[in-house]
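So this first bit is one chain, no partners, the form predicted alone, shown in structure tokens.
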Amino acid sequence: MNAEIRPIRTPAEQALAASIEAARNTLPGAAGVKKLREAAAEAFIRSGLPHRRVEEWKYTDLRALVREAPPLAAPPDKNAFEQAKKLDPLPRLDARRLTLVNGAFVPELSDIASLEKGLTIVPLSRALAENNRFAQKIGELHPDTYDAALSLNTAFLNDGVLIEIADGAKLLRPIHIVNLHAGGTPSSTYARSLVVAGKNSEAVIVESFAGPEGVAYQRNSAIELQVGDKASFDFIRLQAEGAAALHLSTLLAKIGNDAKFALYPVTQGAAVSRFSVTLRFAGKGADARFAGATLLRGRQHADTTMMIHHMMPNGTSRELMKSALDNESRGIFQGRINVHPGAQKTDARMATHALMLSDKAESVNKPELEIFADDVQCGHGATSGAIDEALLFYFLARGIPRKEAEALLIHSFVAEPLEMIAHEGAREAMLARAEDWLKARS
């Protein structure tokens, strides 16, 4: 007689399973979307939250970190709108603003009038209700293995924004997807977005996250990016959640022949955060750039995990990640470059560097290569260390106060990836966020 083995579920896992069951028949969508939700829900109920024995989540043990699962956030009302108006993570950025409050698209706080030729914007909830062609594209991109954060996001698939940029369209200004949390009690929000950039198109998309301080809300966000042949696409991301928040975010991207794709993530907020990236080179001669900065203090925990699949010949990728870690914070970067069979002439480089501003801070750098082709150039490197005392002495000897000297050195360190942002307005906005962090430190 074989005994049935049932895994013990934590209170948070039980609460999440109950929320999935309660929402099951209330979410919009046709049969295809419902099937997608059901598969994701079943995967989560079967596997639960990841723990340290799951390699990809070894350093971010959600089963231990997530002790509670607050209820789903209610649809935003006028009070939520007023709170959201006070949360502007990038006030200096001139862009077309698309606002999500507690995971719901809010037309009143969005700029959706007079769209440029070739630009289409549709709220996900409407696309699901109408079962239009947008809704059918959700879920086309996915990671190689089960991902708890993405499965939960898919199980609660409800609202977000869907953006289509037509072949040859060149957007005159960036699109800013603003994710805001409003409310004074803990709650959970889920949002899903999709961007399809056509052949020879050009676009800059900015995504930001913000919420109130002192509220232990939980956010789970996902975005799918499909970049067509010979398109030029920049994606800039700012995570500036409230200090008590839990932030889980997934980015899935596919780039076509001779496409140019750049990703610039900046992480500053949340008590615990995880940003997972899966990038697939689906066309020959594609070029991808990743340049990110993480700025942490207190006991913040931030994890950036990236998987890059070079699947076609003549692809080029460059990854540069820099972290400044203060107090008892913990910064994690896991990056893997996977060169598939047949992806000859691949040129891939990955570097991650951490600046330790405290003896109690912790840095985990884990760059990896998996190469299954024989005509490639690939490399990776990782460093971590404190501020250079010789450089610090140079400033002190010239009468510059220690705090100001440290700020100058930290800024020069973290500014390198931010200065790679091609769009001037977005670059200045991100550099301003780094400067604000440094001012708060002093």
Partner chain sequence: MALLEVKNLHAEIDGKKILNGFDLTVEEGKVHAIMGPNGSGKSTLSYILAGKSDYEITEGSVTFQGQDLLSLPPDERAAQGLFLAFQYPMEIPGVATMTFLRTAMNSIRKKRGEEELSTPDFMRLVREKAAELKIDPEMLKRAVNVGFSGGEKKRNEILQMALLAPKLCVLDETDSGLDIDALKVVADGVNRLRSPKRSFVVITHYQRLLNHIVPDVVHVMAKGKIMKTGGPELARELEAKGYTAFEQAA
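Residue numbers count along the first chain shown, from 1. Everything numeric here is computed off the predicted structure, so don't read it as measured data.
Although it is not shown, the form predicted together with its partner chain is what the next lines describe.
Heavy atoms within 4.5 Å of its partner chain in the model of the complex are found in exactly one of 22-30, 63-71, 389-397, 40-48, that being 389-397. At the 4.5 Å threshold, heavy atoms of residue 409 reach its partner chain in the model of the complex.
Contact check for residue 55: every heavy atom lies farther than 4.5 Å from its partner chain in the model of the complex. The partner is not shown here, and in the model of the complex the stretch 92-116 never reaches within 4.5 angstroms of its partner chain through any heavy atom.
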